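One chain is shown next in structure tokens, namely the form predicted alone.
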Amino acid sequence: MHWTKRIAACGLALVAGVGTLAVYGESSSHDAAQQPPAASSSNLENWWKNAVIYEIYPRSFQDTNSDGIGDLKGITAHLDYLERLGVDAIWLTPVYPSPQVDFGYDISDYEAIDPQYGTMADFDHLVAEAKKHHIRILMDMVMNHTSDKHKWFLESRSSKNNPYRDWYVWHDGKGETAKEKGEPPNNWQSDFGHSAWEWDGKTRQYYYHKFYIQQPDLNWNNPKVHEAFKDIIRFWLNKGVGGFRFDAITTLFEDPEMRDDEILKDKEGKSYLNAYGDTALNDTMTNNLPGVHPVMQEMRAVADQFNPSVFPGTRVFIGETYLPNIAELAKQYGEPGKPEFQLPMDTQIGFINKLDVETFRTRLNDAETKLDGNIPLLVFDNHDNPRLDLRYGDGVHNEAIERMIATILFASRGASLFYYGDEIGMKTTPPTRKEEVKDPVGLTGWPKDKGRDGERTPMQWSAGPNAGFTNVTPWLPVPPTYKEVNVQAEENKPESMLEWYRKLIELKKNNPALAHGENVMLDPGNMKVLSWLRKGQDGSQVVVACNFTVEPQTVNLTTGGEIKGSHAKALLTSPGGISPASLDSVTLPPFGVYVGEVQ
């Protein structure tokens, strides 16, 4: 949910309870090469190191009870599809009870399921069925704030003497008198616009909210908050979840001296306004403060000490970590004997938001060489940012560019996280009128920021009514692209985006060099083609080349002496095929991709 990095701008089956709604699914019988390896203590412990993780926005995945909103049963109905795609884990955005001001990131109860999405029995069934498909369920853990309807906050704001008062961040205003509330304590801003302080008339103090007014920040200087979240983590571990994605985790602490944030200046040295009409500030007083590290060490210890016999295998911790440089990202893994995240998100690669070869090469190399040997987690897309087409596309070659981005995601060393619908090429579809906006961000920022509705539209399963998502009016409109861009249309078509994703993921799982091999950048002076070598421990080598331009490019992949031979067997190439006679002259079409195994 962290907002500071957002860019403005087969077969058919019936699901019980859906009536005549067609749900796209498939048999789980597929090639033996795609079947997961037999369980062992080693791969149970290390499953996350080459994992493929799929983010699902439950409201938009599949509706099974005809209310226009996706639900847990809808996810269970598509586990065959996700298994065949090659998914190891599903990250669910929040499904806890919530007033839905921020569509689930304002949580009113951390140990229950919102009735919109189903029941706890539905959740238990999802976990059990997912296990049969070799898929883990990861919960979204929101520790920075709660809903203002959570029982903790209702108690906290009831009086200054309430035992829960110091569970949240309360402060007197500036210049307060018996009749006047005074000004907010400082200039800190909400990531969703305007002051981060909200006046409470009953107790005559301000409370702090990094995000919406209805999302008061918890006070992580209070040990009772720590203990409460340890219990919450244990609750879901006992439910059999495979781990957690920690939302907005770098924002847990604020400057204890309450100093103002710095005003940002343009190239002429002048202050300027952000999309919400506020003076633009940095957020160094409310983001990435050192107190986060011991908190995560505590939480990780809870998971590491959990009895693995209940549901065998390592519980993975994923961090939403928008950070300024690779050194800060490296800290998120923890210290020797004090682990934090196994997989903090490397957003420095996925959110470059322009096709700049030099930047990609530098940051991918950073991930390989500057994380102290830890495993990177690459991610290019999520529910808070426009989809790939709007951030990287040129409007003409979008599909080719999206294939290239997917290649970087899956053919680089580490774990890979992608967003539902990326695998079929779903497009960003923002509202065209303010009256259509559902996301409060869009209501506040319109028209400069139209909000996040455009990347949260329903999954496109078929060319039938409402793309097979629901048989009633969906909570967000289905994009008009669904007639051509849908799972059913792309299934078993060799050159479809869906098959491209499946082939990449299959290579990532089964090719020794692509599974765990070292990343070595090739042809480092080339500013038009990004090339790299994957070196397996068994001596295998795979070369990857991606043309970042609209013109055909010829690249020599043998310079530097890293490659053992001059010929390769093509493993995956852009539609139409690329068959170089030698690796010293590989010609790529516009935004073309070549993946070959050195012979």
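In this text, residue numbers run from 1 along the sequence as written. Quantities reported herein were computed from a predicted structural model and do not represent experimental measurements.
Although it is not shown, the form predicted in complex with a small molecule is what the next lines describe.
Of the listed positions (E490, D523, D247, D449), a single one reaches within 4.5 angstroms of the small molecule by any non-hydrogen atom in the predicted bound form, namely D247. Shown without its partner, this chain lists Q332, S156, S416, Q215 as candidates; in the predicted bound form, only Q215 has a non-hydrogen atom within 4.5 angstroms of the small molecule. You can rule out all but one of 296-304, 514-522, 450-458, 226-234: in the predicted bound form, only 450-458 has residues with a heavy atom within 4.5 Å of the small molecule.
Contact annotation for the candidate site: D102, F192 and E320 all lie close to the small molecule in the predicted bound form (heavy atom within 4.5 Å). Though the partner is left out of this view, H145 does reach within 4.5 Å of the small molecule in the predicted bound form, counting heavy atoms only. Contact annotation for E340: none of its heavy atoms lies within 4.5 Å of the small molecule in the predicted bound form. By the criterion of a heavy atom within 4.5 Å, D114 is excluded from the residues contacting the small molecule in the predicted bound form. For D384, a non-hydrogen atom is located within 4.5 Å of the small molecule in the predicted bound form, even though that partner is not displayed.
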